[in-house]
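This document starts with one chain, in the form predicted on its own, laid out as structure tokens.
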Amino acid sequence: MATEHTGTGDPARSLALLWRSAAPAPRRGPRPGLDVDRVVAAAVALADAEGLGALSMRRVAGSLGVAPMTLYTHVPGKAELVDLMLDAVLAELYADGPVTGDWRQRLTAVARANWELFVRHPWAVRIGAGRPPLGPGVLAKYEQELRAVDGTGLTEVQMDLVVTLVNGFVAGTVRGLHDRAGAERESGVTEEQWWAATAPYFARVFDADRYPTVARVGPVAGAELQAAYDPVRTFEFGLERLLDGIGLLIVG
């Protein structure tokens, strides 16, 4: 079975590797050619290019030019490797320092940073919501995002829930972006081509009297968005409405 979620390996081994306390003691002589960071970087590059389903210890070893068994001296298995991969890419967030501005500007920056990260690493948006690897990348992300709503008058629980709400919204909308791209990639048919091919057949079965609101709204929205669903427009529109709602909580 493919390992496509974090938190499915040995917690002790994963945490030791995430915090590098399991790294072997340095030896005298030439620096070794392979370490945990190189293994993780190669795995991330493979997942970015082909998806997490293509990831295996054998494939990673091949990309590094080593025998598969060599990897096991650095990472015990694919489950622990997936934990390391997610923590590594989350560490890319907020590389330029903490988000600044008022609370709305800070949360906007958080949402956009996460969107951009998950556009770069499509596989990462799907694997770590339930059991995030408790490594330095995850904790630094959580720290910075909590600070975005600190000092707003929210309770500690509300701060956590607001951060979770924003992250969940971003994850949902960016999945839509990747799902559409995946459908185009797998079918070889663009969104526009699919709708053009489908429209004549749909027109034969669609009953406007039965679905009058769909008949009224659908064509207008479709003409405006040039698609049935526009993930980018959904993200931009939804983020503003989400922040409006959070603002009511903060003011209240």
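In this text, residue numbers run from 1 along the sequence as written. In this text, rigid core is short for the largest set of C-alphas that superpose within 1.5 Å between two forms. Computed from a predicted structure; not experimentally measured.
The same protein also has a form predicted together with another copy of the chain, omitted here; what follows describes it.
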Quiz prompt | Interface stretch in the model of the complex with another copy of the chain - options 167-175, 69-77, 107-115, 94-102, non-hydrogen atom within 4.5 Å | solution = 167-175
Quiz prompt | Interface residue in the model of the complex among Ala41, Ala221, Ala61, Leu34, criterion: non-hydrogen atom within 4.5 angstroms of another copy of the chain | solution = Ala221
Practice problem: Decide whether Pro132 counts as a contact residue for another copy of the chain in the model of the complex under a heavy atom distance cut-off of 4.5 Å. | Solution: yes
Quiz item: Quick one: does Gly153 come within 4.5 Å of another copy of the chain in the model of the complex, counting heavy atoms only?
Solution: no
Quiz prompt | Heavy atom of Leu248 within 4.5 Å of another copy of the chain in the model of the complex | solution = yes
Self-check item: Contact label in the model of the complex: Val157 to another copy of the chain, heavy atom within 4.5 Å
Solution: yes
Quiz item: Is any part of 130-145 within 4.5 angstroms of another copy of the chain in the model of the complex by a non-hydrogen atom, and which residues would that be?
Solution: Gly130, Arg131, Pro132, Leu134, Pro136, Leu139, Ala140, Tyr142, Glu143
Quiz item: Aligning on the rigid core, do we see the C-alpha of Ala45 shift 2 angstroms or more between this form and the one not shown?
Solution: no
